[in-house]
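Take a look at this single chain in structure tokens; it is the form predicted alone.
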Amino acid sequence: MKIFLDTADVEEIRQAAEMGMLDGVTTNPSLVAKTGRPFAEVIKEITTIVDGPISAEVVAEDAEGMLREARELAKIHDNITVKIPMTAEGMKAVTRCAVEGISTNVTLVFQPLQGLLAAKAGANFISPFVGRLDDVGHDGMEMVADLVEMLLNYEYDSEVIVASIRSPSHVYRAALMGADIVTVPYKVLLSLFKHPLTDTGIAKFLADYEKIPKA
């Protein structure tokens, strides 16, 4: 399973890259806005750190506008993947992008049939949002399991990016069900390294080391 970082904070991205854990990055307008920097500037800097897919999102709501933005985003770097929302207009844009060789990530997917339609339109990546489904009383990971099974049934090439991840349990379940990718906030990535018994073990080893006579 590949791990993407869901952020536009270049320092977080550098830290994750140094850990050897980073296969790609997903951003959105909200994440870029938090940086207080121009959009294109942030995306270009990320391309200098990450050797993998970098998702940058369109903001137009009509197919022609999305396609225009997609073409401009794709010019930034070969690794750019254009995030396009799951709407009828969005799928028109995805279909056109597929013809033009522009990589796409269909975002804001909340039920398996939306993901199936995205795959049929030619999306390279499909992003089901699990945390937001959990927030309204649904099991987001159950939806991902159904989507993964559907795509396997028809042998679509689209990769599933489990998004809106809130906790390590989301990552755990994604790995068990065979999701291709998880995209995680930096704090969730850090939490994957932790276990209280690991901390206790390190503390004991250090304490015992101090008891060893020093020549």
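A residue's number is simply how far along the shown sequence it sits, counting from 1. Please read these numbers as outputs of a predicted model, since none were measured by experiment.
One more form of this protein should be noted, the form predicted in complex with a small molecule, which is absent from this view; the next part is about it.
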| item | value |
| --- | --- |
| Non-hydrogen atom contact residue 164 with the small molecule in the predicted bound form at 4.5 angstroms | yes |
| Residue contact check: residue 31 to the small molecule in the predicted bound form, 4.5 Å heavy atom | yes |
| The small molecule contact at residue 132 in the predicted bound form, heavy atom, 4.5 Å | yes |
| Option from 66-74, 164-172, 186-194, 41-49 whose residues, in the predicted bound form, bring a heavy atom within 4.5 Å of the small molecule | 164-172 |
